[in-house]
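Given next, in structure tokens, is a single chain: the form predicted on its own.
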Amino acid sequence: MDLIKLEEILFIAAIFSYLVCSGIYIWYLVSRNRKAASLGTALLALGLTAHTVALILRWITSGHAPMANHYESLSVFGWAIMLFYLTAEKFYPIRAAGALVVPSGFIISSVALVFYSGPEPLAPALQSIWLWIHVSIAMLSYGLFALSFGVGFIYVVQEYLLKKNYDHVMGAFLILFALLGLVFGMWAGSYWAEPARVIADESTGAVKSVWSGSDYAKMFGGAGVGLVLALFLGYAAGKGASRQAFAKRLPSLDVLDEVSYRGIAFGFPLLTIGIVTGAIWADQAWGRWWGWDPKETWSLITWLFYGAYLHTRLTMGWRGRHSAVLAIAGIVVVMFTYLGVNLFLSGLHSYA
């Protein structure tokens, strides 16, 4: 069996294990069955191992770090989410949070599979050692921010349950699922659309996507379908969570607050290093450290957002729900930086 086929099989096996683990962690949340939880952790570790080997094989067969297109970078993103969740689970009793974090990693990895393609040669702008240094560090920081988002959401739900605000629990699930449905639905629609790619700036090589009416129809149609499906799922999840006994199945507020904070505390310096290494790479590739390219600008916005989170927590004493809400909102900024910029804005980073 050739390495390319083996990589594909291992990646599909990892996604399948993530799907099964998502079901196991959700079942654990409902039943508190410790054997199921242990099985889920073991299977998730096996899936992560298969995913890791698949990434290594892609690196070998392509001859470069697996971070040069949507499939590769999404695969690393999903891998990072699972890695940091398993690490956090080892040190904190947060298995219940796996019911949200693990499915998030599964969705990211599944979307990566949609973009799957065989190994391809690097574009000239990507032929640098800074590719794997810059992109890997950025993806690791995104994985930590995704962990903080999932744990932060569980914090908000737990607080509402303890205060017996069951209507707010339902509202939280509906809002979360609606946003996720819109984002992933629009993303799926954009995959089926075929916008024209044109050079927006001859001097820098910036690329712009030109969308037609049918492209927008596919994109927003996907968003509408995603929204409808997500609202049904959100209602079902909120209905199940809006019970007094459900609070006993979730980690304590102190544990959730600590894990969410530590995710951002470790993710922020990684993001800082990612931006710095990106600036060094930009200087080598384009002759300038910073050019206010849309991806650069939104990376700065993301950095300022999480810097503000840490500032409010460390100097203003924000804890608990305030920090959790910021952690939840942060994933919107991250996803637009990672996906929205490439879909809607022209720039030098439009190749990935």
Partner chain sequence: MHLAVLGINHKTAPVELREKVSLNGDACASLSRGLIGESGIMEVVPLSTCNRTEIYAVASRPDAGKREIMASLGATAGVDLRELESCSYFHEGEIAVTHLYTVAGSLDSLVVGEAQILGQIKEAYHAAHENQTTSVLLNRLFRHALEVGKRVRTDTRIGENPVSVSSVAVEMVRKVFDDLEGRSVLLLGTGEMTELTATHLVSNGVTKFIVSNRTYSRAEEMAAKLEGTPVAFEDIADYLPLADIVISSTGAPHYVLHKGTVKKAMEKRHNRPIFFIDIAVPRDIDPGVNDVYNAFLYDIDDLNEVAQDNAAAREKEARKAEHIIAEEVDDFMRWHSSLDVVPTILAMREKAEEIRESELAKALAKFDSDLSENDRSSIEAMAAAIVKKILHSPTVELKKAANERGGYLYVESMRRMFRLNGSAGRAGDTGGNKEKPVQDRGKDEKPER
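Residue numbers count along the first chain shown, from 1. Computed from a prediction, not measured in an experiment: that's the story for all the values here.
Below, we turn to the form predicted in complex with its partner chain, even though it does not appear here.
Its partner chain is not drawn, but in the predicted bound form it has no heavy atom within 4.5 Å of Pro119. Of the heavy atoms in Val225, none are within 4.5 Å of its partner chain in the predicted bound form. In the predicted bound form, Gly63 stays away from its partner chain, with no heavy atom inside 4.5 Å. Looking at Ile107, you'd find every heavy atom of it more than 4.5 angstroms from its partner chain in the predicted bound form. Residues within 4.5 angstroms of its partner chain in the predicted bound form, judged by any non-hydrogen atom, belong to 254 to 262 and to none of the other stretches in 173 to 181, 109 to 117, 233 to 241, 254 to 262. Every residue in the set Arg32, Gln158 and Lys164 has a non-hydrogen atom no more than 4.5 Å from its partner chain in the predicted bound form. With contact defined as any non-hydrogen atom lying within 4.5 angstroms of its partner chain in the predicted bound form, the contacting residues in 224 to 251 are Gln244, Ala245, Ala247, Lys248, Leu250, Pro251, given in sequence order.
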